[in-house]
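Next up is one chain by itself, shown in structure tokens, the form predicted alone.
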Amino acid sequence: MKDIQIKKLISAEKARQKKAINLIASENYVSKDVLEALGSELTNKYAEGYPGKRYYGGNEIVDKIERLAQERALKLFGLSPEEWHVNVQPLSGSPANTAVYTGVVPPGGKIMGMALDQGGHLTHGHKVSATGKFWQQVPYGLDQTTETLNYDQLRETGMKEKPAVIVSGFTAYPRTIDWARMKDVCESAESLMMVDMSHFAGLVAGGAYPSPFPFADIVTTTTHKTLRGPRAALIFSRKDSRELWKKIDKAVFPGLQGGPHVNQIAAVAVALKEAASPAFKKYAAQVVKNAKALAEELHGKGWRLISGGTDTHLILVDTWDDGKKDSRGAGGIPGKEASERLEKRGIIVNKNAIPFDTRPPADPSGIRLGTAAETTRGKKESDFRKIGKEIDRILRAKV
């Protein structure tokens, strides 16, 4: 690279990634093949439209790449192309979710989604997101005692509000979702069932998390978290008389996006092929084993875990506990300070609100941990127990 400044910065970031212990739940490490596709000559091609229906010439090869990505996405999740359609053009998760609402929710209509401070995502209708400005969010949360979903309460809220769409999925909820019960909630409310599986898509692909596809009408996902691909997104929608897929395709293009990033689509295709391998199934299982090992270690050291543990790659730790330290001395540390202390020691996490948090979002009561990235690096349960001990040591140290 001739640009020495950028070259040095890239080298510095590579060095940072190499030496850090990465516990960011929404990050992972892609293969060299994925990076090669991202940096390929496909970057040069403009391809507005869809395969066979482009607005520019010279897209014969691009059409093949996009169709291959679609085929691999459907196959990976065991879906029939006669029953499901997938759009592989969304640039990331937020545009993907916005495209779904644009296609199937009337302007000003209701979206029922998990509240941000309970573990949901900004694009599930939060007021600071465009999705909360163009549509009305009906927020739902967790049971305050169990810190898990209360499906009866969800059903009651849904029947009362009758939202166009009910979104399930999370960014900071460590438990599996009962898809059959969520489907009952949606049917009772006469709402579309939309699942944002961005965080656990790779676990679904690897058989380590229950699949939402037998129940959902629409499924969105990013590809860069547990799926271990580039930063991009997919939208799956059922093919039936409602023609949801056609409405969503039109919302993606020409509604919200112009030409897709063809290099990105190719990189997604590479990642989808990798995720279909037997090795990836072992990886997904190990991700969950590692999360449980880390959770058990932290719990044993006296730290309070939201919902008591995890079923996934994700752990939410209450580092504040209303400022009261338990008998083992855990607690009393704001999430921002906990994150900063750990980063100084080479452990990267993110500060995170916990359900019913009494502290502000900029300095919440907890931290969020994830095991996907370090599992990619080959770490096993014993390694994560050591990481748990180190986290405990750092957070207990006098400063």
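Only a predicted model underlies this, so the values are computations on that prediction, with no experimental measurement involved. The first residue of the sequence shown is number 1, and the count goes up from there.
Below, we refer to the form predicted together with a small molecule, which is not included among the displayed structures.
- Of the listed positions (95, 103, 163, 141), a single one reaches within 4.5 angstroms of the small molecule by any non-hydrogen atom in the predicted complex, namely 95.
- This chain is displayed alone, yet in the predicted complex one of 89, 198, 237, 131 has a heavy atom within 4.5 Å of the small molecule; that residue is 198.
- Partner contact region in the predicted complex: 166-174, out of 298-306, 278-286, 202-210, 166-174, criterion any non-hydrogen atom within 4.5 Å of the small molecule.
- By the criterion of a heavy atom within 4.5 Å, residue 228 is excluded from the residues contacting the small molecule in the predicted complex.
- The small molecule in the predicted complex is not approached by residue 137, whose heavy atoms all lie more than 4.5 angstroms from it.
- Although the partner is absent here, residue 224 sits close enough that one of its heavy atoms falls within 4.5 Å of the small molecule in the predicted complex.
- In the predicted complex, the small molecule sits beyond 4.5 Å of every heavy atom of residue 319.
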